[in-house]
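As structure tokens, one chain now follows by itself in the form predicted on its own.
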């Protein structure tokens, strides 16, 4: 019996190691990011925002794509991180890395407290509860205008150089590599989570919650942990945006931000880890181009793009890639 148990454990460890083995194609997003720095030196500010937003999309993908937690209120944690980093910078604590850590902790705390309530609900009720958390925090930020600046935004942020060496300049060089480095660390953490036994249990909860209860899995606790980690990651994204733009307004907590990131994931592919790396640049670059071509009705073209993706590309861009790969394998 002990020998059988040892073989089972060894087999599980081997499977876990295989899942964590890096593949060649996982270097493509980072090669594209480095190439983008040299190919588009005039768009580094936009590039930094794209990289920071990918972190935000990863946070949503963890709870929605892997945990099956439908949310419209992820901006609550993004805004918490943004205001935390902004208030620190406005009151003489502008060290970027310290701001990121504290922002992540503050967002995680909000996620933990709200998750205890939100995750006890299901379906439409849960969806509306997540939205109400963001609405309530937005109302608090708007009401406390002496602290947050209200609708006018937080003023007086002074972000110090990264590690005291790399100053945030006008052209966005430091901001770009700062966001890229933080994104890389968040991606490593996310990759580790989704390929771990904890991540596989989240997928099981998403697919069949009743069965996971039946085998004794602590469903509520695991969803709460995932929700808290996701909140921390969203807070990091908000802090990145606040530090690189040196401005925070109440739209950081708005419904539009939560809705947009869901559209980005739909375009790239939900629950596939790399959907954020495709959907976010696709959406934000399309937004930038459509706004330049048609400043009044550019949202129409974004909507048309989304409709076409839903009709003809189920699973987003990565869904198309998966289907092409499956077709090639069948013909071999």
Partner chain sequence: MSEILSAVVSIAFFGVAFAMVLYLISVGLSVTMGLMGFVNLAHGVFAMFGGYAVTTLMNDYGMPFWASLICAVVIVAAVSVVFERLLYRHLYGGAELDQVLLTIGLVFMSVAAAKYFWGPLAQLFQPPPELRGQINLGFREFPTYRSFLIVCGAVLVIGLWLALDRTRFGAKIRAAVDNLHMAQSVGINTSGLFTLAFALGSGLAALGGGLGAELLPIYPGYATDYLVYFLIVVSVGGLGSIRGPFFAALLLGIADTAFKYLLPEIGSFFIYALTLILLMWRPRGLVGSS
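Just so it is clear, the structure is predicted and the values come from calculations on it, not from any experiment. Numbering follows the first chain given and starts at 1.
FYI, the form predicted together with its partner chain isn't displayed, but the following is about it.
Mapping the unseen interface onto this chain, residue 314 counts among the residues with a heavy atom inside 4.5 Å of its partner chain in the predicted complex. Within this chain, residue 168 is remote from the site of its partner chain in the predicted complex, having no heavy atom within 4.5 Å. Though the partner is left out of this view, residue 143 does reach within 4.5 Å of its partner chain in the predicted complex, counting heavy atoms only. Although the partner is absent here, residue 41 is not a contact residue: none of its heavy atoms lies within 4.5 angstroms of its partner chain in the predicted complex. Interface residue among 291, 46, 282, 302 relative to its partner chain in the predicted complex, by the heavy atom within 4.5 Å criterion: 302.
The single contact residue among 95, 262, 225, 180, judged by any heavy atom lying within 4.5 Å of its partner chain in the predicted complex, is 262.
You can rule out all but one of 70-78, 147-155, 83-91, 210-218: in the predicted complex, only 70-78 has residues with a heavy atom within 4.5 Å of its partner chain. Taken together, the three residues 266, 307 and 310 all come within 4.5 Å of its partner chain in the predicted complex, as judged by their closest heavy atom. With contact defined as any non-hydrogen atom lying within 4.5 angstroms of its partner chain in the predicted complex, the contacting residues in 109-127 are 117, 121, 123, 124, 125, 127, given in sequence order.
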